[in-house]
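As a starting point, one isolated chain is supplied in structure tokens, in the form predicted alone.
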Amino acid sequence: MSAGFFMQSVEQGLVYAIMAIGVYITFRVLDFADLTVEGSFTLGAAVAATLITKGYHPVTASLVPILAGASAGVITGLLHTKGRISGLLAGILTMTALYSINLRVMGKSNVPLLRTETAVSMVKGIIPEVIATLVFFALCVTVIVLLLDWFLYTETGFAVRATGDNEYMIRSLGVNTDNMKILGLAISNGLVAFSGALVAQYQGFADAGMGIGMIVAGLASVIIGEVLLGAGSIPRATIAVVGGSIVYRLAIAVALLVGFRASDLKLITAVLVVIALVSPRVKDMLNLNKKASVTGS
């Protein structure tokens, strides 16, 4: 693997890590299966691309999608908590609606950004181009990880975590668990949309179908990171998610290098997730067999 190809995979791992952190919030912190991700990721890209093409500053175009994504999360949260719709179905409904909304926002299925100034091109004008994107994404991820770690240790953050751990117990202490779920979903999808906005500027276009498979990619990053680095504490877990995202993108890059087709990526992702999920179980079985053999001898 050439140095350039390796660096590109790390860049992708970092920018998609922001999306994976959003998935971590719902999947691990809230214990909520949220499929809104596939729509909010594209929503972030669509809003950013549209604003940039209309002449808005790239920084503004990168931050506004956070509000758009958070709004999508709030809708899912309201459907689930107030409408009493199951979390899975609420996410599917929002995701389905967002497909049409994203097309409305863009006005067409694809918006190119190749000849417009973006946040990525701005950074390349300040930092040496070879490392500009890597430094920019690394800085974004670092800030997000630090802010999220801080938030999850605040009183509200503890309430969000407790809602995912034991909803009935924390409700008995007077916490409004509905509000905590809505807040968690808003933060999660805000981060996912921000990732989509950066990806659109990184790739040079926004496309109506670019969010397909994001939930699986996010889950793969979370699970791979936990298997490789563990998740004993919040800071360790968030760092593990970032590491898992980078490892996942490197694995995809290696698969393409050895001859797999781009159309095989979904299959590769599924296999990686299965391996990551099964490996702890296999490890436990091997340890039990080892102990049994030692006891028997």
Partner chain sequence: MLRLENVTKIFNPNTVNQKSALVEIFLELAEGDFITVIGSNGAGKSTLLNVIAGVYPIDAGSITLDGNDIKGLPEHRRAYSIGRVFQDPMRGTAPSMTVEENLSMAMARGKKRGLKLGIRKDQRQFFADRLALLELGLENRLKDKVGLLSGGQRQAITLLMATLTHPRLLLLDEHTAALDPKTAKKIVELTEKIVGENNLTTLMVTHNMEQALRLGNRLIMMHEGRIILELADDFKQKMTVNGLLQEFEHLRGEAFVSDRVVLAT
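On a predicted model such as this, the values are computed, not experimentally measured, just so you know. Numbering follows the first chain given and starts at 1.
If you look for the form predicted in complex with the partner chain, you will not find it shown, but the lines that follow are about it.
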Per contact check vs the partner chain in the predicted bound form (non-hydrogen atom within 4.5 angstroms), the hit among 162-170, 67-75, 98-106, 127-135 is 162-170
Going by heavy atom distances of 4.5 angstroms or less, which of I92, I85, I212, V175 would be at the interface with the partner chain in the predicted bound form? V175
G55: touches the partner chain in the predicted bound form, heavy atom cutoff 4.5 angstroms: no
Does the 4.5 Å heavy atom contact test between N110 and the partner chain in the predicted bound form come out positive? no
Given that the partner is absent here, does T142 sit within 4.5 Å of the partner chain in the predicted bound form, heavy atoms only? no
Is there a heavy atom of Y202 lying 4.5 Å or less from a heavy atom of the partner chain in the predicted bound form? no
Need the contact residues for 133-167: heavy atom within 4.5 Å of the partner chain in the predicted bound form, sequence order, or none if there are none. W150, F151, Y153, T154, E155, T156, F158, A159, R161, A162, D165, N166
